[in-house]
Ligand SMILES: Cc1cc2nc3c(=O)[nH]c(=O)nc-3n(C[C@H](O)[C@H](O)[C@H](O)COP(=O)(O)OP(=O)(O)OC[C@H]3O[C@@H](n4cnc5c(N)ncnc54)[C@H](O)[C@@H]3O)c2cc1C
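The chain below stands alone and is given as structure tokens, in the form predicted on its own.
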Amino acid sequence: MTSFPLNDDSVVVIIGSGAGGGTLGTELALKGVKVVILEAGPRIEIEDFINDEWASFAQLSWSDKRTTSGSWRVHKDFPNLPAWIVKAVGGTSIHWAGASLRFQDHEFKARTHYGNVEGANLLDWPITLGELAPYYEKAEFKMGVTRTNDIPGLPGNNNFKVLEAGATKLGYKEVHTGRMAINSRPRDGRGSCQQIGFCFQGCKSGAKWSTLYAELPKGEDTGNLEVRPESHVLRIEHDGSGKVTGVVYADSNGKHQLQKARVVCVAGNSIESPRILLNSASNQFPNGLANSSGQVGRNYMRHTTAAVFGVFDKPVHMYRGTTMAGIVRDESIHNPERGFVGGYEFETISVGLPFMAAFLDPGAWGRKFTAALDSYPNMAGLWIVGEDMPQETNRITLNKDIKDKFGMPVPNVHYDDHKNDISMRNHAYKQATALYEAAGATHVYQQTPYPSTHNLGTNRMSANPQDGVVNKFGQTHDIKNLFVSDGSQFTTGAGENPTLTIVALAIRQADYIAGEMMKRTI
């Protein structure tokens, strides 16, 4: 296994090994670029995944101390767990459900299409769907996305069949088993989906795409990539000219190490990435790295989410088969006549009985609550995912009153729902309830939002440096050899699951970085 010296200042250092960092690292390695990926968590292989909700959550989750503030429900229910993400090699590409949908044209130009939405900090992306389309194609091929490249869709389980029945009766037209980065047939050295039903706990068959086993081994085989687990990044260092020169991290023994670098790419998720930039403040950059605009940490988005469960008179067993087994896309359009801008989608969802007890109505108990749990075998479930509004006040800041085990301030996540988010969620609740009632539900439960898996914004792209943190290639406006390579670079959140777009941007960024290194501009 390749190992680069700490004093090798010719390497690209990537912080994080998930969909963004893991893809970028492998793509660069395949181009002959030397790469070190620093991953805060351990390396947990397929055979180590646990098909048990609570045990898996303890094994994979990023459970380091965080704090929250704001009026969002998560602050009340889960004040120290704002996000449900993975701390391990592969990042949250281990935990994700696999939905792989392209953003729509209007979503790249939200400011143009939505206008001046009061209280929202809307901005058009500095790239268009047309510019990203070739990279979407590469990402879909790389990930084996169903319903693209002549790859058949996955079968629909009972949960999908209930969704399809209700959606059809409501007149919805775009209802299918989705575009999923889960093999519907053997591909890329990995088998097809076995319908095990533990997608969130890590795919033990390897059918679901993850950088852990679908990307990183390919990069490592080149001899140009070193993945360094249990390397918790503390700060990024720079020289007198402002160029970044290396990354300080704590190794598995807690000892501080400095890995020198030619280029640094931050891909630690929309909470950790701004935290690292803010914790890297210096006399030259008193407000943190790449923060001349004051936008680092701002415009945090998590999608407008909630879940709805219908109870039927016969068993559904929603937990059998693919977790996200189907989708309804009709509401993803921009139609302000509904009372909000942007759109949302319905996607089937299932959680086990332990998580159902935790998430159905956090803190609740009593006859009504236990009756819902008793109905669990007869439940069908869907998740609402919609475009929430970026707001400058929704942000990641450093909580200097609370330090982590390395003595660094922990991140505080502040979030308030925009009135557009509330209107969208209420519309989705109404439609989802009608959908299940049309399918014959005897009772419908509307579930409040829980810790987010879609964490976006906080280091957003912008055409003008004063409006954001990075340019259209994820290169920071302030420091040319410092990049952002995860969902924190999103200008707006769109109404689709973000992973496909993160991967497409990473492939595009790899082309750019390799080209600039060859020209010696970075």
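Predicted model, so just to flag it, every value in this text is computed and none were measured. Note that residue numbering follows the sequence shown and begins at 1.
Keep in mind that the form predicted together with the ligand is missing from the display, and what follows is about it.
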query	finding
In the model of the complex, residue 59 touching the ligand (heavy atom, 4.5 Å)	no
4.5 Å heavy atom contact, residue 387 and the ligand in the model of the complex	no
Close approach of residue 215 to the ligand in the model of the complex, 4.5 Å, heavy atom	no
Partner contact for residue 132 in the model of the complex: the ligand, 4.5 angstroms, heavy atom	no
Of 68, 453, 471, 481, the one that lies within 4.5 Å of the ligand in the model of the complex (heavy atoms)	453
Selected contact from 424, 327, 318, 97, since only one has a non-hydrogen atom within 4.5 angstroms of the ligand in the model of the complex	97
All of 233, 267 and 502 within 4.5 Å of the ligand in the model of the complex, heavy atom check	yes
Stretch in contact, per heavy atom within 4.5 angstroms of the ligand in the model of the complex, of 79-87, 122-130, 104-112, 288-296	79-87
Heavy atom contacts to the ligand in the model of the complex at 4.5 Å, residues of 10-49 in sequence order	15, 16, 17, 18, 19, 20, 21, 38, 39, 40, 41
